[in-house]
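Taking the form predicted alone, here's one chain by itself in structure tokens.
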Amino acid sequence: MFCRSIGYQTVLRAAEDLIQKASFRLPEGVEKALRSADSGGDGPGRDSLEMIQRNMDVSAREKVPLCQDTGLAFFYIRLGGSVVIEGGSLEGALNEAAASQYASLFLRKSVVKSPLRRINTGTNTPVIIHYEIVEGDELEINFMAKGGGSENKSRMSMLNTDAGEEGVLQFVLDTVTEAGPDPCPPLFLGIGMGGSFDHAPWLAKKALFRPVRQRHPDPLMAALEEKITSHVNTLSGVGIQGFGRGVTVLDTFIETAPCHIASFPLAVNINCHSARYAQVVL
């Protein structure tokens, strides 16, 4: 059986580059969405949007963090079945990359050892890693710096099986409305539908790695993505930074999975306007 070796140091350097890139510059699609967002006219919402846009420019130019909450480090890995990491483990490389970059780039360390023993680890590790084993000889590394404010306002529910689109729309609307200004709107919404109680939230997080305006390949889900964005922007009343005017949601992404006949798992993972993620394929 053919195996392709990728060196530990290669993975380490690639992960470090992703962290630096995501911390200082938003993806092109996110930048475009923020520059073209509807501010709702004169007022604090427009002023806030202009400050967000200036912040993007300063961060990229001066290489300073996009947000003071430099995030929990998430990695979404698509690992080819014929790939072997030589000289160390993949998990070790990702944790070493986060520890080194959060120190050398002066990024805030936001990880505590446990929810009860709230002692900072001092390294922003351990990182959170989700794996998919796929065919082939490539290693795809996706990194996301996820702030606590948006993560705290994410929600999960086991809907009735007959909830349908209306049930999905209502749960998403309730989630965003309850969140209000706390997750720093305008927002990006990751929706996970199906799977199980534990799987739906991962689907919702995975959805947030998709490029802005890239619709789901299933026309039904693609239409629902557009419908959710329009529904929340029309009815939530949140607006830019919670001032009640302008856009609340910039884009919505759905990921689905088969589920039990008696279940309808649904999760909403909220991401703030500073949607920091980057990808590399080795």
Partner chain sequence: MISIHLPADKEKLLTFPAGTPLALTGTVFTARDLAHRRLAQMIRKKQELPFELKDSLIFYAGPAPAPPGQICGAIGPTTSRRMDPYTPLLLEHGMLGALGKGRRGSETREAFIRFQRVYLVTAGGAAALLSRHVRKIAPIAFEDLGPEAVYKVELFEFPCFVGLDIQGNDIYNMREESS
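Positions refer to the first chain, counted from 1. All of these numbers come straight from a predicted model, not from anything done at the bench.
Beyond the structure shown, there is the form predicted in complex with the partner chain, which is absent from this document and is the topic of what follows.
The candidate spot formed by Asp38, Gly147 and Leu189 lies out of contact with the partner chain in the model of the complex, as no residue has a heavy atom within 4.5 Å of it.
In the model of the complex, the partner chain sits within 4.5 Å of a heavy atom of Glu62. None of the heavy atoms of Pro27 is located within 4.5 Å of the partner chain in the model of the complex. Contact check for Glu226: every heavy atom lies farther than 4.5 Å from the partner chain in the model of the complex.
Interface membership of His216, defined by any non-hydrogen atom within 4.5 Å of the partner chain in the model of the complex, is ruled out. Just one of Gly167, Gly87, Pro181, Gly136 comes within 4.5 Å of the partner chain in the model of the complex, counting any heavy atom, and that one is Pro181. Among the residues Ser100, Thr125, Thr161, Asn120, the one placing a heavy atom within 4.5 Å of the partner chain in the model of the complex is Asn120.
Look at 92 to 100, 127 to 135, 196 to 204, 67 to 75: in the model of the complex, residues with non-hydrogen atoms within 4.5 angstroms of the partner chain sit in 67 to 75. Contacts between 238 to 257 and the partner chain, taken as any heavy atom within 4.5 Å in the model of the complex, involve Gln241, Gly242, Phe243, Gly244, Arg245.
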